[in-house]
Each structure stands twice: as structure tokens, then as C-alpha cells.
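Take a look at this single chain in C-alpha cells; it is the form predicted on its own.
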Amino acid sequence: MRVQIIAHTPEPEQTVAAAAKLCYSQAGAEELMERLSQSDVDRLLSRLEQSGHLSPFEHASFTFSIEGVSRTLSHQLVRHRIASYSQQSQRYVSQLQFGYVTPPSVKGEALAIFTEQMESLQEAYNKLVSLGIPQEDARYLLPNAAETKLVATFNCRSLYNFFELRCCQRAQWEIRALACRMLDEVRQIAPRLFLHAGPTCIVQNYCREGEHGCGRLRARSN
């Protein structure tokens, strides 16, 4: 799995703070950006978080390049609808040598079975293409394990929701790994903006899964 931020709002923390301050100021956003000190930004972001007034967070966005993930992951990712996605097409991109993601739980005899099936599907796909079947139809054979590439753009508020759900220990392993890497990436650019982003058990001291939780919150409390 490879995750990299390829574009983002310049000065995202200042942008969010200026947008929030604009609501209560006669000055314009450009002037406010010039006036804001880092302590002003920190104070404003803290106030927004505490009040739950997160609409200004939507003014900062981040675009990610995501590679080496499965179609299983991408099917989950696009359920986060307040985001924009571009995905490598199996219709137009040849899959004559498709890569695939192997779950870490698949080991020993299970790994041999899994690998054998991937090779069988590859052989069948290639055979259909050689018989003149269009790639857009031959791809019906391809598994959820098939690797894909995406570009995804989220605003900061959507990322908060994404991290809350997908950094959770109850999330599926692959998308949890993606979410944690994305969180690491945005914190390098906007550490204060994402200071309180993550699963609720860590940042809000409650478990949204209730009785189905993983137990991490109880362990932290003891």
C-alpha cells in the first residue's frame, strides 16, 4: 500500500481559522489571513472543535494518491460520499498481469489455495481476451483482491468522519491501514487541524460501537 498527499489547500489551518473568523468580522478573508498569528489559529480551531462548529473545516481539502490496494477496499472507500474519486479502469487498463492483495490472515494451506485461485482467474481472463472478448466483459472474472489505484480528495470535515470510522479497531483491516496512513500524512501538513482526529475511543473517550467495541477504551480506563 502506498499513500501520498499530492495536493492540498495552501495553509489549511489558517484558511479554516480565517473562514471561521470571517463570520464575525467586517474584514475580508485575505486581510484576516494576514492578521492571524499561530496562537490565534490554535485558539480558533480549539473553539470550533469544542462547539462542534465544523463547517469551516470544509474549506481545507487534501488530495491523496492511493496505490497497491484491493477492489475490496475501494468498494468501502467510495461509501464515503462527501469526497471525490478517480479510479484506475479495468475496462481500459489491461489486466493480463493483474496484481492482487493477500489478506494477512491467509497463511499456510490457505495461502496455497488462495494463490492457486488467483492464478486460475488470471489464466481464464487472459484466455477470454485472447478469444476476442472485450476487456470490459472479461473483467467480470476479476476478484475483489485485484489491485487498484485511486486519487481521492476529501475536505477536512469529511476526513474527521472518515478517521473516526475507519481508524477504529472494528474497521476492516485494509481500510483501517489506509485510514491510519492518511491520518499520518495530513498530520505532517496540518498537525493542529488534525490533533483530535481519530477513533472516538482515543479522541473523545467513548466507543461508538457500544457493546460491540474492541475493548480498547476499557483497557485505557483501567
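Residues carry their position along the shown sequence, with the first being 1. Keep in mind that what you see is a predicted model, and the values were worked out from it rather than measured.
Not pictured, yet referred to below: the form predicted together with another copy of the chain.
Consider residue 28 of the chain shown here, and say whether it contacts another copy of the chain in the model of the complex, taking contact as heavy atoms within 4.5 Å.
Heavy-atom contact with another copy of the chain at 4.5 Å: present for residue 28.
Are any of the heavy atoms in residue 42 no more than 4.5 Å from a heavy atom of another copy of the chain in the model of the complex?
Judged by the heavy-atom cut-off of 4.5 Å, residue 42 is well away from another copy of the chain in the model of the complex.
4.5 angstroms heavy atom contact with another copy of the chain in the model of the complex for residue 216
Because no heavy atom of residue 216 falls inside 4.5 Å of another copy of the chain in the model of the complex, the answer is no.
Examine residue 158 and determine whether its closest non-hydrogen atom to another copy of the chain in the model of the complex is within 4.5 angstroms.
Outside the cut-off, so no.
Could you pull out the residues of 103 to 127 that have any heavy atom within 4.5 Å of another copy of the chain in the model of the complex?
Contacting residues: 103, 105, 106, 109, 110, 113, 114, 117, 118, 120, 121, 124, 127.
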